[in-house]
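As structure tokens, one chain now follows by itself in the form predicted alone.
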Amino acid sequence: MTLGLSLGIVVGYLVVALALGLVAYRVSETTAEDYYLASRSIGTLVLLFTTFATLLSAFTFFGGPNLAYAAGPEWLIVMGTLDGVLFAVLWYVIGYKQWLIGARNGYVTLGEMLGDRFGSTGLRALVAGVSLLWLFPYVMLQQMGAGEALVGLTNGAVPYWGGAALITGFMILYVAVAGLRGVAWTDTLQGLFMLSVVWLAAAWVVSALGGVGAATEGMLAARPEFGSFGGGTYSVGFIVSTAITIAFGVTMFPQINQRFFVAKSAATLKRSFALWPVLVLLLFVPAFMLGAWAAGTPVTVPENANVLPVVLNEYAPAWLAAVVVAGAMAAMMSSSDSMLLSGSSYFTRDLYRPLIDADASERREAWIARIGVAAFAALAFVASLFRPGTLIEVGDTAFSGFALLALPVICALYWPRTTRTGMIAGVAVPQAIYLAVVLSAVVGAVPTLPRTVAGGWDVALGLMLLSGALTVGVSLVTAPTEESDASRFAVVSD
């Protein structure tokens, strides 16, 4: 198979996805609620797969196998636990309550919901600003993954910047026309596609290695430590803090949190989070084990390269490697388009309209959203060219930043005594400390601060506890403002 045909498979996939988005555009309404939430009409299959495809990105498709290749298959337990159990529980605890509140009051964003509850434009803007801050590195992560994927597929014929530029251009075009209905439909296609190709790839590679037993024996012969649990990277502190920060962080991702509003019924929501653990394990098992089994093969993975394309180039036909890379691109695009769409809603509804132009027309707001998407994606593309860390490092930074929002939000949802001052303290103080920790690693002028303490415990876990303590403690010593209205969140489940 020629290089042109391999690239044709990837580009052909992009064209099919774009066509589906254009069909969705033709049946969409011109309202903000339809553009951002598909008029709260999403059913079980589409809600399940749009959440699945949106959440599973370059971090999962490339970062996960890379970590399993380098450190062992326990990454499967970390991700399987957090996504199979913790996220499903949090989807019920946070997502179901948000759905009930959003359906009654018509909220579109998390900041809008909190700002209305506490009568605070400042809190609304703070939540939106924090969300956009941590969304930036996660969009950049997808562009880095796409650049590295096409380098691996083409053996360097397509440069890193070319792959990153391709997905950036596609994201801008797609989000500008499709809206959430198009994104959700395409996510369903992309989710089914990525599940199919990763199982096909695993079956092909395992067959080439002589079966599951032979692949596992080869892995253990080359890396005996892969046969025992824990050790090396997988300290107790790493496993626990990673599982918790990622699971809680996911619930505060704008593109995931906004999906808590879109189900057409309570039954849809309940079926979706009940099926979630099964669905994620169907992807994690073959993807991560491919990375672990690769450690027992003679393949050499170049520095900054992803193990999955390298293994496929060695043990699978070129057409299958291209199809799997297209599946990985699908994972990245399905995350990126949702991130940009949600980011644009946070920018226009929580920053632009309340702070700059409260009387902006729907048409003007729509154009501001599209311009914001293009500018945000272009800046992330430029930043991705500097490769500020590995896929795991960049992704973990974003997860932890979002995780610091979770406990204040849970307080607001379930504790009527929560005050506006308590919310602002619980959000702002831990975020400022964590931002200083992150900047200290990349800015020489900032004194170095540790990311982990006491043998691998993530400092973000301690800051999560601080966020909850500040929210509760400050709320107890301050009085609710006249603008606050706890009855806005007083809903009952059906």
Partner chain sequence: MTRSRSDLVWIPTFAILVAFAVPWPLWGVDRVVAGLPVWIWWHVGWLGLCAALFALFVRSGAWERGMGRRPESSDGRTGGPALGGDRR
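Numbering follows the first chain given and starts at 1. What you see is a predicted model, and the numbers here were worked out from it, not measured in a lab.
What comes next is about the form predicted together with its partner chain, which does not appear here.
Inset, instruction - Could you tell me which one of T188, T419, T216, N313 places a heavy atom within 4.5 Å of its partner chain in the predicted complex? - result: After the contact test, the surviving option is T216.
Legend entry - Option touching its partner chain, based on a heavy atom within 4.5 Å in the predicted complex, out of R181, R259, R117, R124: When its partner chain is considered in the predicted complex, the option within 4.5 Å is R181.
Inset, instruction - State yes or no: in the predicted complex, is some non-hydrogen atom of F399 no more than 4.5 angstroms from a non-hydrogen atom of its partner chain? - result: Output for F399 is no: heavy atoms all beyond 4.5 Å of its partner chain.
Inset, instruction - Give a yes or no for L100: in the predicted complex, does one of its heavy atoms lie within 4.5 Å of a heavy atom belonging to its partner chain? - result: L100: contacts its partner chain in the predicted complex.
Legend entry - Touches its partner chain in the predicted complex: W293 (any heavy atom, 4.5 Å): The answer is yes: W293 has a heavy atom within 4.5 Å of its partner chain.
Inset, instruction - Using a 4.5 Å heavy atom cut-off, state whether V394 contacts its partner chain in the predicted complex. - result: No, V394 sits far enough from its partner chain in the predicted complex that none of its heavy atoms falls within 4.5 Å.
Legend entry - Interface segment, criterion being heavy atoms within 4.5 Å of its partner chain in the predicted complex, picked from 139-147, 168-176, 276-284, 373-381: One stretch meets the cut-off, namely 276-284.
Legend entry - Residues R40, V240 and S265 all lining its partner chain in the predicted complex, heavy atom within 4.5 Å: Every residue of the candidate spot has a heavy atom within 4.5 Å of its partner chain in the predicted complex.
Legend entry - in the predicted complex: members of 403-419 within 4.5 Å of its partner chain, any heavy atom: Stretch hits: a single one, Y414.
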